[in-house]
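Alright, here's a single protein chain in two forms, structure 1 and structure 2, each given by itself as structure tokens.
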Structure 1
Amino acid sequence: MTDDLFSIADKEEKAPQKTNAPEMSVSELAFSLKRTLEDTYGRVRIRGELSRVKIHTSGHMYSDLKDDNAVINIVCWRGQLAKLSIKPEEGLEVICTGKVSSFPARSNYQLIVESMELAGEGALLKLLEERKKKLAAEGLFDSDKKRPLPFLPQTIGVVTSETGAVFHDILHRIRERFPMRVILWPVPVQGKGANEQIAKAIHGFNAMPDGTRPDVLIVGRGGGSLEDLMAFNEEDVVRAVAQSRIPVISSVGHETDTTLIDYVADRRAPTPTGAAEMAVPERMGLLQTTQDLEQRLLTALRRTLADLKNRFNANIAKLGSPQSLLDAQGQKLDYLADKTNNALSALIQKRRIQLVESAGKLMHPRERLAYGVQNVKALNDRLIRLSGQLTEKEENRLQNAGRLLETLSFKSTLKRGFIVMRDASGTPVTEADSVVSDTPYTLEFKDEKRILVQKDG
């Protein structure tokens, strides 16, 4: 019986215990946790390193914020992302401000970011160093791209705050050194959107028409912390300076402060006053230099004139009196005249002798005529002789040809009793078959007599 009691007790302990807790679906639990997280951690500040930064096509940003031991997902909606003071980048150490929530579909919690700032100066320096390497690799800081500043600009453009002391220091120093036309493009020099305004001002100055566009630009602000100077480290400002057709002087912060536009600007000034001194020369110094140069020029001219005068007098002393020069030249002229006359007389005498010698070789006209007549008579006799010989030779040839012709003539054949029969056209009839009836023919005998006959049919 005791065993039965124990068996009943064991069965009662193993039976499920009843509870009054209500049942919940997964969605109800997930959204309940979401409300609890948002109510409990409505506003928190979390420090960590950005990882897996992704900007979705929707414009929202999804990333992780991590430290050595944990990771939390973070989300920044599109509208809030555009308002962040820094651009989220992989590896940046930041402080995010927002509320903790959850994503019910995945049942994981996340931080909805409302603002983001760099976590200390070390993070800023790391960001600037990486950005500096990137821009340097593009060649924006190359020294061969630096342009010389104009010696005496007519117009100076200034990009800075209108309320700070920087512009007044620049304006005061320019008026002291060399008064020039100064144009201020007022911009905020720190805070959100300052970099956009600064870049817009630089582009705006460059877009001004010729005649109104400044000859040199001064971009600067006073001192401040590294975060205060961040606007001058942004890429859009650095690229605006690099693209500027107007030479740019950078004057940001104190002498020990360095920003990225210092590397890309054509000149870097340690202070706003130093920038003004670079932009314009000192008027009084130029006047003093001009006076010194004028005095040196006058001294040089006097020395040169004195040297020329001394050389002129020395040359005059070497020349002697004009009359002696004329006498010497007159004597030289007389010598040349005598030499010319003698040479001319000798030439005439030589030509006279040549003429006499040539005349002695000439024949008298009568002798030359008689010689010509004799030559003509001799030629005539020779012509008569040759003509007779030629005539006799041709006569012999003619006689031989006549004898040969007579020998070969048909008339010789007629003398031996033959006759020549010709038709009406005078053509000799050589064949009997060619004789036609009722046709007249002529018979020619050796005495050249001809008889007309006709063959009957």
Structure 2
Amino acid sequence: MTDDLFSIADKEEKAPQKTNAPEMSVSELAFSLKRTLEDTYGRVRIRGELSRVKIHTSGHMYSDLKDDNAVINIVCWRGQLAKLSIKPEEGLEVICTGKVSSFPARSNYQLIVESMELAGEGALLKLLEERKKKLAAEGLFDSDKKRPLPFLPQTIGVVTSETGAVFHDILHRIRERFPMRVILWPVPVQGKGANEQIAKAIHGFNAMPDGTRPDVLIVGRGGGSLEDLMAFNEEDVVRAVAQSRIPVISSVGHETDTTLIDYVADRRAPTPTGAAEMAVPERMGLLQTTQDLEQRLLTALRRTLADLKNRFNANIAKLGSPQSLLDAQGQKLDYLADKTNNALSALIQKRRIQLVESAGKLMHPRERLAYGVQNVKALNDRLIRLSGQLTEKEENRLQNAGRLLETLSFKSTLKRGFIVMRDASGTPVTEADSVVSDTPYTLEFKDEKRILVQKDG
């Protein structure tokens, strides 16, 4: 100010020539204004809506911050821009902290932004709502993408701060319920770059080899302001969870806080303790369950056996005693035996009658013999009677035949002076030429036979 006063005083000395107004160069005014602005306002916090956001190739950001009635240019140098906790976007309601200054070359006044935050929860929630819509449209939150948690994991991976109470709470609950292998992947859970670390940890767990890779992940942090929880709203974290092959349980802030990771996680836990309870079952409860099942198994088997025994006994009762079966069959046998006996007797009786009838017709041997003798006698008588006649008659026939034979015999011829000459074999000699000398021949005469031998010479 003293400088300004001095310059004004200095100009007043020259003023009398025309007016009281001192003469200044443009630059003098501009830089004077610049100093005035910077000195008067110092650091300010200004709320407004971002408009015409443009990041120059140099890396600096130029934008407007406006409200209903006014607009101010804002600049964010490259180095500061990288440190901002939010990403400047068109239309975003923000509070910018920085110094008011001017850009003398363009007659502009502007705000040099050092930090930027979302203007109140409403604006932040609006941003999150839009991001949520966008990710939901990609299907990242679809319920059919939710993987079931393993019933009894061997290893649990935890992505959270090493120092916070969250990891402690998770460990404590796991120890109580079902002690097992827990791997912590320490990450910063807020501030610039936290989201990148968290996303990297989720990818890192997934990249671990079979056997060491966790079966389930818990990703989370303790309570905080909406800004504190922002890392769990960032796209890279949400996408890392969506891509995770390992089921993820989210546990961010308190139960009333909802971050985008909660939508994409397979399960959302209200607290770190709750996450541990989702991750592992209660060992004692399971032991009790298996023991109960064993008891039921035994009871059921006993009852099955008892039932079968009862059914067996009931059926035996229905069968009745073996003796009663025998009795009934015995009676039947008796009846049939009686029937058989009666039938046999009747048959014998029938046959006997037939026999008697037949016997009546049968002749006694004596009678038969007498009858036969009588027959023989009669036949004999007839034979005797007939025999006389037969002899007489045959005798006559024989004499006649003899006479005839005599007449016809050569012997009668011999009576008439013929002889029969026979050779030694008795064969009659009929040819003179067949007579051989010195050989005896028989000559048969009427009364006797003589031997004759022919002598030659």
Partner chain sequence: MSDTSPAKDISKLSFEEALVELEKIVKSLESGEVELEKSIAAYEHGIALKAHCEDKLKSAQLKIEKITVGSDGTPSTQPHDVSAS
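In this text, rigid core is short for the largest set of C-alphas that superpose within 1.5 Å between two forms. Quick caveat: nothing in here was measured; it's all calculated off a predicted structure. Counting starts at 1 and follows the sequence of structure 1.
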* Could you point me to the form predicted together with its partner chain, 1 or 2? => 2
* **Post core alignment: residue 49 C-alpha displaced by 2 Å or more between structures 1 and 2** => no
* To do: Return yes or no for residue 263: a CA shift of at least 2 Å between structures 1 and 2, with the rigid core superposed?
  => no
* Asked: 2 Å or more on the CA of residue 310 between structures 1 and 2, with the rigid core superposed, yes or no?
  -> yes
* Structure fact -> Taking the rigid core as reference, the Cα of residue 360 travels between structures 1 and 2 a distance in Å of 40.4
* Core superposed, what is the CA shift for residue 31 between structures 1 and 2, in angstrom? -> 7.6
